[in-house]
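A single chain, nothing else alongside it, follows as structure tokens in the form predicted alone.
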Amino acid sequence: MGAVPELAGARLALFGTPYDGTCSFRPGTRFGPAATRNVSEGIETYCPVCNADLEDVHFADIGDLVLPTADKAAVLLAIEQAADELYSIGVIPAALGGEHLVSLPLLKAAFKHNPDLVLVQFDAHLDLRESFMGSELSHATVMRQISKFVEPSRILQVGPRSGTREEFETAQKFGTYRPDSLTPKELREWVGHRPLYVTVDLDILDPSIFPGTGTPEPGGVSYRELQAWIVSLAGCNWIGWDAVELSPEYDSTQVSSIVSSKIVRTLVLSSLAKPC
């Protein structure tokens, strides 16, 4: 994608978080970072939607974290420490997932350095369960855990179409839920000039566009809609982002991996755009 392997001078650092230890339906997101990188070799660095080129921005790809996958607590700690180190040297962390639970340690590090942050979640699922299959730490509970330290009024959940009754009641109580009718202009106005973290669960996309995911949900948004939301945030005060839940083994055509790679391209360019 035009990344350099060294951090020196980079404004943003990509790194893989290959973990899928709590996937509830179909595992395989641990292969997501590698698949996103592999197909990127055949993708142009220029993005016509952004009218920007990856060759004009300086960012690094420091590879995948080596995670002790059998130890959930150690995995989460390693991810948090990696993001914390990047914040400490003034580099924006940008994680390639992996399942959505990896967003929890990433947000903990982001919140430590930017306690006034706002969070935009693009997702098919609310992820607001108190626990799932006996655990409070799951990709199905990640937003509930994050809401314990990020004030819900600072969270915007865009596009969820699946969840329990209790999750939707919680989202309505929190005021976090927004349907996919939210316009890019409305999204940009909500973020304003506040420090912005974006988490993209790629299953927000319709399975006809993105079948390579562990929990596909019919009725999703289009690639163009997701692109428009992300591009509307170009020039905002980005402090971090992640793109998660690609399970490439469920799509032999590699279309899902290509979609993931192009969304990552848009995220890089939008998060490094000049402030406006």
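We number the residues from 1 along the sequence you see. Everything numeric in this text was worked out from a predicted model, so none of it was measured.
Below, we refer to the form predicted in complex with another copy of the chain, which is not included among the displayed structures.
Contact with another copy of the chain in the predicted complex, defined as a heavy atom within 4.5 Å, holds for exactly one of 23, 10, 267, 14, namely 23. Of the listed positions (164, 183, 81, 88), a single one reaches within 4.5 angstroms of another copy of the chain by any non-hydrogen atom in the predicted complex, namely 164. Proximity of residue 39 to another copy of the chain in the predicted complex falls within the 4.5 Å heavy atom cutoff. Taking the partner from elsewhere, residue 65 is found to have every heavy atom lying beyond 4.5 Å of another copy of the chain in the predicted complex. A residue is said to contact a partner when one of its heavy atoms sits within 4.5 Å of a partner heavy atom; residue 28 meets this definition for another copy of the chain in the predicted complex. When another copy of the chain is considered in the predicted complex, residue 133 lines it closely, a heavy atom lying within 4.5 Å.
Partner proximity in the predicted complex, defined as non-hydrogen atoms within 4.5 angstroms of another copy of the chain, places exactly one of 145-153, 202-210, 111-119, 88-96 at the interface: 202-210.
In the predicted complex, no residue of the candidate spot (77, 188 and 193) has a heavy atom lying within 4.5 Å of another copy of the chain. Residues from 251-273 that approach another copy of the chain in the predicted complex with a non-hydrogen atom closer than or equal to 4.5 Å are 252, 253, 254, 255, 258, 259, 262, in the order they occur in the chain.
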